[in-house]
Structure formats: C-alpha cells, structure tokens
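Just one chain follows, in the form predicted on its own, and it is written as structure tokens.
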C-alpha cells in the first residue's frame, strides 16, 4: 500500500516553523521518499498564524494534500487552525505550556521547549524536540532519524549534533510513553523508500541555479516578495563567480541597469513581482526598441497594488504579454515545478540572445516557496548560445540594426575594436541613428515581426498527459500543473475519460496540438489561478477557440487535487 503522509507545522512568525519543516523534509528525503512542501505565511515579521505543510510519499507527489495526518502546533491558533483537516486517527502535538483544554484522544501535549532547555541547554533545539515527537507517534525507527540528524548538522560539528540528537531522543521516549492514541500511520518497520532524488529545491532557488548555469553576469533587483530569495541566492555567490549584482533604488532602475549591462555584453536579468514589473514597463520597451536581450523573472502574487504580498496567483499573464506601448516580440515562459524552472531559466538566456528580445519567466508564490526533491541536475551538457555575433575585427561599416532575412542583426558591443555601436530608444536606421522616415519605420517594424515565426519554431509545444482521444481535456499553464495532474490520474483510475493539455511556453502561442485536441475533445475546461481565465482568453485571441467551462481560484491559496476534483464534479465531470 502506498505511503502518503502529510505533516502541518504551525505557529507564529519567528518560532522556527520552517526549520521543523526542513528537518522533516530532509529526514524523509534521506530515507528515500518523495516530498512536497508548501509554506503559508502572513505579511508580517513576527506573530500571526503561519504554517509549513510537508507531504511525504513513496511515489512522486506534485502538490499538497487536503487531509493532514500530524499537526505540530507551536501556538494555540495553530492547534485550531487546521484541526478540521485532521484525518481520523490523526495527531496534534503541541507544547504543554499552551493553554488548551479541549483535549481529544489524539491530542498530545509535550514539554517541547522545557526538554530543549534541560537536555540540550538551548530552547532553539525545540525544533529537534518537535521532530522527535513526530517520529515517535509515527513509530519511526529512531536510529534512522539519528543518522539523518548527524548528516543535517554535520557542518556545525559535534557540539551541535549530539545535543540535538539527545533532545530528539528524550522527547521521542516521552511521547512513546505518554501517547495513548493510534496514529493513522505506523512506520515501525520502515527501512527506506525507492526515491533516489536527493536534491531538495524551491522554485526560486531553481531559477537562481538556472541563471548561474546559464552564465549570468549581471543581476539587478529592487527586492520584492516573493521573488527576493532568487536574487539573494545569486548575490550570495556573485563575488566568487564574478557576477555584477546591485540592489537598486526602484524597479525601473533595476531593469534599465540590466539593459545597460546586456548592451555592454553581459548576460543580464532582473527579479521582481507584478507590482515591480508594473514599474519596469517603460524599460521593457527600451529593451525591445534597442533589441537588447534581457531576462525578467516575475514571481506573481495577487494584486492589484500591494494585494496579498505573500500569497499566490497567476494574474499577470495578459499584462506581461502586452506590456509597454507599441508592438514587438517577446517570450513568456512559465515553469510547472523546480526542475523545469531550472531548465527554463537556462533556455531563457539563450532565447533572449538568439532573438534579441526580452524573455519573461512567470513564476508565482506557490512556485517560488514550494520545495520538492528532484533528480540531481547534470550541468555538464549545458551549452551557451549567444546568438548571432558580429565577427571580430575592424568594421567601419558595422550596423547594429542591419536588415537581414531573418530580422536578427549581428551583435557587437561598445569597446569592440574597430566598430562603432549606436543604439537609440527612438525609431532608428540600420546604423542606430534616429530617423522619422516612414520607410525606415516600416523596415524596422517588419524587422521585429520577422522574428515571431522563428520564435514559435524554437518554443516547446504543450505536453499532453493522458489518452489523446479523451472526452474531457483540462487546459492548464504554469504551476497549476501539479494538482491538476494528480487530479487527472485519480479520475482516470476511476474510469473517467480525461487528459491534461499543459503549456509551459505560453507566449507566443503554439497552436498546432492545441487545435487538434480542441477538435476531438467533447469538452475543454480551463483551470487557472486567477478570476478571468487569462490563458483561455489568450487562446481565444490567437485561435478563436473557446473553452467549454472555466474553473478559477483566486483566494491566494494554492490548489490541491481534491479541490480540483470537487470543482470538476460541480461542472459535470464524473
């Protein structure tokens, strides 16, 4: 029987919730299991009710679960916050200093903080105490936990390793002696899972690693949640890898600085969220007019204005597809998970330089902060494609915007010996100098538009999960892939004729497979994390095709397979 356990660690900001979640994740990853972790937190530094939820399974999992097996509560609010999602024989573990008298059989008050202080000498080891309690009620073999803790704290030395193990063991024994209930899972015979995927990665870190693998040489950003950690990860190695990095005074400055660095020859990117991208729109037009490649990562969050700054949404698609005045090609990519986030970021730099256009990566808070274990990434085969470069050597006739059959001009950079490089934000001639001649304007607009067919050829088609002749097709893009994919598998196992058509390369839109699936499906249902079905609208704009039903979620919280299945049944999918 498949093992599928969900842990929820809740409390106030600043209580170490993430650390307990990280410990649980790493222990089960090291034991050979698949994990998926989400983080739900308020927009405040201290207090409030936040939680980390970890799903562990012996088969790959791609989304969170609705039902919870074990709750670790560090505040009273955390005890009641998720209690209605606790499964039968689920367990709530909380510190015995919390005033909570509505005890049920599977409520387990324990001296977590007291044991951390008395046994370990430091209340910061409450994390390890909570870990020991969780493993005890699951009857998880402590020797496996001990080995994992040694590996986790290895860099901190024995002075940290041994006290943490002692604290975890002490609470493990106390919980074993005091717990009277029956937990929904018994892991006493557990000896390991089948997974060899040991790299634990969030979406933001995957973006950062992809940029590093693509040889990014400049990053500028005005930090904005939930994209900030991607910027921080690159900044942390910027000196070692000789990357220019700068925290700017605002978002427009961050993009224009990146454009300047790219104009000078450096692979460049910015990180932001929707509100920050709003301020970059003028700079986006400058990148387009000067045909300067740049990569923009937007970790979307609910708007407008400040909206829900620590929540998730897919509501910037149409804005980014049409941002800035005028008409020009751009590319939008939307990774479905961290592994694809890495690969898409590498591709983004190549595509930007090959076609000399802005490339925008659409993540969201769910993608940015969720964590899963994936296969080790082999970067040895990555080849950098810098696109069409002008030959070295003197060329007094060099024209930065030379008219070519494919609309792409050879790039040279300021300082190249024997070449003069001129660019302007105005309409310009081939040599870069400003012109208002209508014939020049026509030539330059047509030069832009020649790139689009080639861009479409370079983009990946949508993926189809399930039988191609299914009666119901679910249309998705970006990070809703995971919960919808799990829902499709559950429904298919119950005999429902269903498949999923998913886009990660979202603009410009590749339409061949899309139109073929629309032609044969009995009904097409779009599922999006926004209120207006923006991708379905984009499909209609590009093809004239309408979906039959639209399912939308816009409360700022991520989807689950259970939520998707419930909504599908409401629109008649049985």
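Numbering follows the first chain given and starts at 1. In this text, all values refer to a predicted model and were calculated from it rather than measured experimentally.
FYI, the form predicted in complex with another copy of the chain isn't displayed, but the following is about it.
Asks: Which among 83-91, 287-295, 348-356, 486-494 is in contact with another copy of the chain in the model of the complex, heavy atoms within 4.5 angstroms?
Replies: Only one stretch passes the 4.5 Å heavy-atom test: 287-295.
Asks: Does residue 541 reach another copy of the chain in the model of the complex if we count a contact as any heavy atom within 4.5 Å?
Replies: Looking in the model of the complex, residue contacts with another copy of the chain include residue 541, since a heavy atom lies within 4.5 Å.
Asks: Would residue 343 show up as a contact with another copy of the chain in the model of the complex if we use heavy atoms at 4.5 Å?
Replies: Residue 343 lies outside the contact set for another copy of the chain.
Asks: Quick one: is residue 425 in contact with another copy of the chain in the model of the complex, heavy atoms, 4.5 Å cut-off?
Replies: Flag for residue 425 set to yes.
Asks: In the model of the complex, is there a heavy atom of another copy of the chain that lies within 4.5 Å of any heavy atom of residue 311, even though the partner is absent here?
Replies: Close contact exists here: in the model of the complex, residue 311 approaches another copy of the chain to within 4.5 Å, heavy atoms only.
Asks: I need to confirm a contact call. Of 482, 338, 478, 302, which residue comes within 4.5 Å of another copy of the chain in the model of the complex, counting heavy atoms only?
Replies: Checking each option against another copy of the chain in the model of the complex, the one that comes within 4.5 Å is 302.
Asks: Counting any non-hydrogen atom inside 4.5 Å, which residue from 122, 186, 395, 446 sits next to another copy of the chain in the model of the complex?
Replies: Contact with another copy of the chain in the model of the complex is made by 446 alone.
Asks: Of 211-250, which residues get within 4.5 Å of another copy of the chain in the model of the complex if you count heavy atoms?
Replies: Counting only heavy atoms within 4.5 Å of another copy of the chain in the model of the complex, no residue of 211-250 makes contact.
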